[in-house]
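Next comes just one chain, in structure tokens: the form predicted alone.
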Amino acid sequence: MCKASITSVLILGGTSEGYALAEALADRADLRVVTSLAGRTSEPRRPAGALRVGGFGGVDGLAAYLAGGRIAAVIDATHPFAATMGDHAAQACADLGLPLLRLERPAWAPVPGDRWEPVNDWYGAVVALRMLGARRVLLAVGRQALAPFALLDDVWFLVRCVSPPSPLPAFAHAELLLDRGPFDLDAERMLLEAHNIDCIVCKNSGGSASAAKLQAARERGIPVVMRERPPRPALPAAADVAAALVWLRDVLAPQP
């Protein structure tokens, strides 16, 4: 009796979409699903299926992993700002002729009442804060993007991160708040009120887990300095797990 072959699929994860995709594929007996996490968050949530943690060692290291693991398809479900990993995945998959999908939630878009200041990098955000005259800022940019804001010695920052920065930059005036989304609207309203926040700095991550702060800012009439997403390689793309499942079905279908 022939044993059914098992196809290996790699999910470059870290987002809720990546976790949801792994969960949707967990019961497939014909698939071995591996989720790779960068390892930047302590005690990350464990996805369904197999897990690997850590970098690959650039394009060559990723290509070697894909070839050695006989990976048949790759889904890049990394954070919209994980541009380096996205570039490496595009190059490695192109070199090996492997199908690659970008699974990415849609970006946020401003609505009437929003006061957004779009910027392309964090030093541009620092300039925007100076121009706005901000004095009490909710800084929701992740622990690796804090250093440029320590240049502002006349601004008080509420630094919200999932994990403690190591080290925390030498802010003149700051308070560290360790918290993990999703954040609800009432809590975000109370946070802005309690700390008298007059500006928010964040990434255009999209999704619902951290969107409440944008509505709270709109209601409060305060500006949001919004870092735009970095460019990504031109790839087949899916905005949700259902579309990713259709793509995977098609690319793994036996060829006539």
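All values derive from a computational prediction rather than experimental measurement. So that there is no doubt, residue numbering starts at 1 and follows the sequence shown.
This protein has a second form, the form predicted in complex with a small molecule, left out of what is shown; the following refers to that one.
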query	finding
Among the candidates R28, R218, H195, R40, the residue which, in the predicted bound form, approaches the small molecule to within 4.5 Å (heavy atoms)	R40
Answer option from P44, G69, G58, G49, heavy atom within 4.5 Å of the small molecule in the predicted bound form	G58
Three-residue site R115, C161 and S210 fully in contact with the small molecule in the predicted bound form at 4.5 Å by heavy atom	no
The small molecule in the predicted bound form: contacting segment from 150-158, 72-80, 128-136, 93-101, heavy atom within 4.5 Å	72-80
Residue contact check: G18 to the small molecule in the predicted bound form, 4.5 Å heavy atom	no
Any non-hydrogen atom of K203 within 4.5 angstroms of the small molecule in the predicted bound form	yes
Any non-hydrogen atom of L185 within 4.5 angstroms of the small molecule in the predicted bound form	no
M85: touches the small molecule in the predicted bound form, heavy atom cutoff 4.5 angstroms	yes
